[in-house]
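Here are two versions of the same chain, shown separately as structure tokens and labelled structure 1 and structure 2.
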Structure 1
């Protein structure tokens, strides 16, 4: 199938398919002498996988890393898509029920408890987990999740969040100093110990996490709420800490 035929079949733009080709995510198996892209059945299978991942919220760079792995198993991926989409459908069904009941409540037709008004909302998903798994492996992330689960079950999550925010403020207070200074290294050392309570970070992973604070705009924006330039300072201080303690 030519690119326009694929675009019409799938319901995406020709420009999107050209972009997928340009970044190496979906390269057509054939190109005619006139320069027209021709997609094979295998290309269409790859496109279906891409669109499933997109539907589930995966960024393109993560999709590319997943589908180009030598160990990628299409059937296993499809089974995982099925499980995740079912969970997503269940979540949406709950939210739709909450909306419907809220409409009835607003009309005075029914009464809703406070708990019922927020049924279906779930902010426990960690949007960085997939990236963490790719960078440091499943073992590190699974161990971190187990520690966080234990903290949550013990009702200590709010206390941990408060402690993190306080440490962010302490780091922001020294962010204009040399990242290798005694004050900076003392504060970033406390940050390392706090993260160890949430997961099992090697010094290399700690240094890599600091780099992510700058590379990923989501991290930068969240961290810099405590002081402009804090993410860059933490990255530099974490690198110094990791290099010093690994030598």
Structure 2
């Protein structure tokens, strides 16, 4: 299939396809002698994934990092899309409630607080992240995302960021070893202590956090920057650490 056929079928522009090719996000199967792009069924499958991620608000750069990873699991991603789309629909239901109540309010039928007027407008977080933030707090999530916000004391935050990055690198260096090994456990112990500095977390929570690193593509992507498969390794090492220290 060539560009117009794909564009018409899918409902996107030819320009979008050019752009995606140019940034390496969706490279056509091959090109004709004339230089025409030819897309394969596999290309279309990739495009579907891209569009799901796009629909869910992921930046193209992030999408590219995710879908081009050798360990990218299409089925798992689809299941995650499903969950995120359900969350999106839940938010849309909230918006519908808000508009219905606003209509009633405008007709003088009910009272409505200012906060209620804006219920449902924030779509900025995916469900995993929301859950994680509720369970562990913003700082732990941001730490895992390696995206600490410049809150106050920039120097202090920078030092913490550097410390985290160093720890990620140490962990990446041993990620091909046994998660239960002495080196792995020493490094993951330091990770646990670092998180403890942000709050008191149970070992169960620590173990659950590790699982979330793997379950959510955003966490995975951010962590795997330091080395392919690091998120999986950390999950395993964190589980071992938690089990070992709870007995």
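From a predicted model like this one, the values you see are computed outputs, not experimental measurements. Take the two forms, find the largest set of C-alpha atoms that superpose within 1.5 Å, and that set is the rigid core. Positions refer to the first chain, counted from 1.
Q: Specify the structure that is the form predicted alone; exactly one of the two qualifies.
A: Between the two, the form predicted alone is shown as structure 1, not structure 2.
Q: Superposed on the rigid core, does the Cα of residue 17 end up 2 angstroms or more away between structure 1 and structure 2?
A: No, because once the rigid core is superposed, the C-alpha of residue 17 moves less than 2 Å between structure 1 and structure 2.
Q: So, does residue 187 move by 2 Å or more at the CA between structure 1 and structure 2, with the core held fixed?
A: Yes; residue 187 is a residue whose C-alpha shifts (by 2 Å or more) between structure 1 and structure 2 when the cores are overlaid.
Q: Fitting the rigid core first, would the Cα of residue 7 be found 2 Å or more away between structure 1 and structure 2?
A: After core superposition, the displacement of the residue 7 C-alpha between structure 1 and structure 2 stays below 2 Å, so no.
Q: What's the distance in angstrom the Cα of residue 113 travels between structure 1 and structure 2, core superposed?
A: The alpha-carbon displacement, core-superposed, is 5.4 Å.
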